[in-house]
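Shown below, as structure tokens, is a lone chain in the form predicted alone; questions about how it binds or moves come after it.
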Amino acid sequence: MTAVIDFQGVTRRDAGLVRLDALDLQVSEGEVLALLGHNGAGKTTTMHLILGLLSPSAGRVAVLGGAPDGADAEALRRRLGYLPENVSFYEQLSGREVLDYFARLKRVDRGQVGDLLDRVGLGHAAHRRVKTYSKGMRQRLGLAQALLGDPRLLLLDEPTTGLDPAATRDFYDTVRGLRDRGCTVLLSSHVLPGVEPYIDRALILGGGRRLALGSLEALREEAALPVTLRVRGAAGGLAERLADWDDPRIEVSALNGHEVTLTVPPDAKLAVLRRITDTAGVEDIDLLPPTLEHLYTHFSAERLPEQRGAAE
């Protein structure tokens, strides 16, 4: 299967500054990839290369089988959707007029405008001027314009900025529906807890270099970070009964008289669970694996010193 996004040793330099350094990346049809990194990591550069707004200094970029900065750039862009981090529209136009304008620019069916406004929760405000929209409403309008033409590839840069929790949940449900229909999604976000349930893989960049790439399961295995066990019981003295361990890597914290948290290395997890289940008074155990935020912090901390000075 041909990759929707294919980076082969892609490097981008500007005035001697390496913004992206020999990046290899393949993203398949129907995949949701989270693009993570600090400011200056290379996220925006990666998106601009995919959009054809930048050309690689070395290596090759292919998007949907073509060069995004080549002769087929215009046709390729009609198959893409892009939501920038800071959306900006003509404020004197209504939401419907804005989408109608972008539909004409993209040369797609303008009949979908009303459905898209309803889909992002702006049907009731379709005829209001954009200058009356809140930040969250503008972000929803930005998502609607990105979805024009039923794109095969969707690039989303901080898409939940300004959205309340309910709107954020609705947004990610939309992303899930797009993936189910075969749309590939590249998603950049600093709000990692909200992203985790909806992605297939994560790419962590640092100083323009790839620090880690894989599914959450693969990244957890590679990082080998400790897991957290939260143990609850009605009887008193639970912390004392779980306090002593032969393995010095196991850390125990008493939250209150009836709840204890243990930090456990992966290779000791089964042994710890066996002892806990045999401990008198234990009523419940929650096993909490490392989150995406933990993994991001772990891999970002491994950046080389010279990477810290790079910028997007």
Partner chain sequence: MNAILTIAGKEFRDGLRNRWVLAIALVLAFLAVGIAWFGAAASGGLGFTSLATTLVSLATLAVFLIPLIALLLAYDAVVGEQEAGTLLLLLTYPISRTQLLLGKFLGHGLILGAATALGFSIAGAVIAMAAKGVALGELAAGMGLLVGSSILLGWVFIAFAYLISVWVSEKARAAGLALVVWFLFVLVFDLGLLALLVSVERGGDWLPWLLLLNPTECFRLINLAGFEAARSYSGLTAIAEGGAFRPAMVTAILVAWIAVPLGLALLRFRRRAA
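Numbering follows the first chain given and starts at 1. Quick caveat, the model's predicted, so the values are computed rather than measured.
One more form of this protein, predicted together with its partner chain, exists but is not displayed; see below.
Chemist: Would you confirm whether the three residues 220, 261 and 296 all fall within 4.5 Å of its partner chain in the model of the complex, going by non-hydrogen atoms?
Modeler: Not a single residue of the candidate spot has a heavy atom within 4.5 Å of its partner chain in the model of the complex.
Chemist: Could you check which residue among 198, 171, 133, 101 gets a heavy atom within 4.5 Å of its partner chain in the model of the complex?
Modeler: Contact with its partner chain in the model of the complex is made by 101 alone.
Chemist: Which listed residue (287, 255, 58, 53) meets the criterion of a heavy atom within 4.5 Å of its partner chain in the model of the complex?
Modeler: Answer to the contact question: 53.
Chemist: I'd like to know if residue 87 sits close to its partner chain in the model of the complex, meaning any non-hydrogen atom pair within 4.5 angstroms.
Modeler: Taking the distances in the model of the complex, the answer for residue 87 is yes, it comes within 4.5 Å of its partner chain.
Chemist: Taking the shortest heavy atom distance, is residue 158 within 4.5 Å of its partner chain in the model of the complex?
Modeler: The answer is no: residue 158 has no heavy atom within 4.5 Å of its partner chain.
Chemist: For residue 224, is any heavy atom within 4.5 Å of its partner chain in the model of the complex, or not?
Modeler: Taking the distances in the model of the complex, the answer for residue 224 is no, it never comes within 4.5 Å of its partner chain.
Chemist: Taking heavy atoms only, is residue 38 within 4.5 angstroms of its partner chain in the model of the complex?
Modeler: Taking the distances in the model of the complex, the answer for residue 38 is no, it never comes within 4.5 Å of its partner chain.
Chemist: Counting only heavy atoms and a 4.5 Å cutoff, which of 142-150, 159-167, 174-182, 204-212 contacts its partner chain in the model of the complex?
Modeler: In short, 142-150.
Chemist: Need the contact residues for 54-87: heavy atom within 4.5 Å of its partner chain in the model of the complex, sequence order, or none if there are none.
Modeler: Read in sequence order, the residues that approach its partner chain (within 4.5 Å, in the model of the complex) are 74, 77, 78, 82, 84, 86, 87.
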